[in-house]
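In the form predicted alone, a lone chain appears below as structure tokens.
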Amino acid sequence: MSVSSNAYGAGIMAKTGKAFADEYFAEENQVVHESNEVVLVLKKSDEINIVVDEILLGDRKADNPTLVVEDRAGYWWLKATGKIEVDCEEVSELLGRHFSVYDFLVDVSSTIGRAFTLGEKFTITSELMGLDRQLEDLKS
């Protein structure tokens, strides 16, 4: 029989009362830490498996050596420093049929970072668009 009073029962959520309050309000936990890491969670499908295997871990792996990919049952969990980018025109070439950025977005489950689309590219970045990097449009 479980004694956990929450759904996860791990980390700080396993604590109750004073032990929880002491850790939650501890000085080291009151600071927001800056991070350049981005996370992209993708629902597994035939198309997304190709994106992960052939593009992100294949041809484009040298472009982003910080990329870590974990298989989490029905999802791919991807983490990288700075940016993760998927060009859906490249996916279309691999699939041998049209695959738009909107088809890709159907399988995007969660993100940490600033996500945007530009043409047929999906990007998630840690940059502040318009501050760290010039804004782009399809004409450039």
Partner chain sequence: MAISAATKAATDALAVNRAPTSVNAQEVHRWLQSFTWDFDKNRTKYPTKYKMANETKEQFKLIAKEYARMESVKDERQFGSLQDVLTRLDAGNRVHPKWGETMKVASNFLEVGEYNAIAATGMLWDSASAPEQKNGYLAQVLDEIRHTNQCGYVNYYFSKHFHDPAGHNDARRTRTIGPLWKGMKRVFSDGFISGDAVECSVNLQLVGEACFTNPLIVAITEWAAANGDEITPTVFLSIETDELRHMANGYQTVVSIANDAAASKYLNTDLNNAFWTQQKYFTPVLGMLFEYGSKFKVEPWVKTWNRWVYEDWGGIWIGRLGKYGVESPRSLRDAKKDAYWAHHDLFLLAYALWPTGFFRLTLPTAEEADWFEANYPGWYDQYGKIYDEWRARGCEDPNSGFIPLMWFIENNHPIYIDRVSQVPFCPSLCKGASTLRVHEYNGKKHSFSDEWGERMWLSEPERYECQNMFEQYAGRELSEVIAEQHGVRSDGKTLIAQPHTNKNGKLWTLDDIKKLNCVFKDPLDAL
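Rigid core here is just the name for the largest C-alpha set that superposes within 1.5 Å across the two forms. Residue numbers count along the first chain shown, from 1. Note that the structure is a prediction, hence the values are computed from the model and not measured.
What comes next is about the form predicted in complex with the partner chain, which is not displayed.
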query: Considering 57, 94, 68, 112, which brings a non-hydrogen atom within 4.5 Å of the partner chain in the predicted bound form?
result: 112
- prompt: Does residue 83 reach the partner chain in the predicted bound form, with heavy atoms at most 4.5 Å apart?
  reply: no
- prompt: Heavy atoms within 4.5 Å of the partner chain in the predicted bound form: does residue 90 have any?
  reply: no
- prompt: Does the partner chain come within 4.5 Å of any heavy atom of residue 100 in the predicted bound form?
  reply: yes
Touches the partner chain in the predicted bound form: residue 73 (any heavy atom, 4.5 Å): yes
field: Residues within stretch 31-67 having a non-hydrogen atom within 4.5 Å of the partner chain in the predicted bound form
entry: 31, 32, 33, 34, 35, 36, 37, 38, 39, 41, 43, 45, 47
- prompt: After the core is overlaid between this form and the one not shown, has the C-alpha of residue 129 moved by 2 angstroms or more?
  reply: yes
- prompt: After fitting the rigid core, is the C-alpha of residue 19 off by 2 Å or more between this form and the one not shown?
  reply: yes
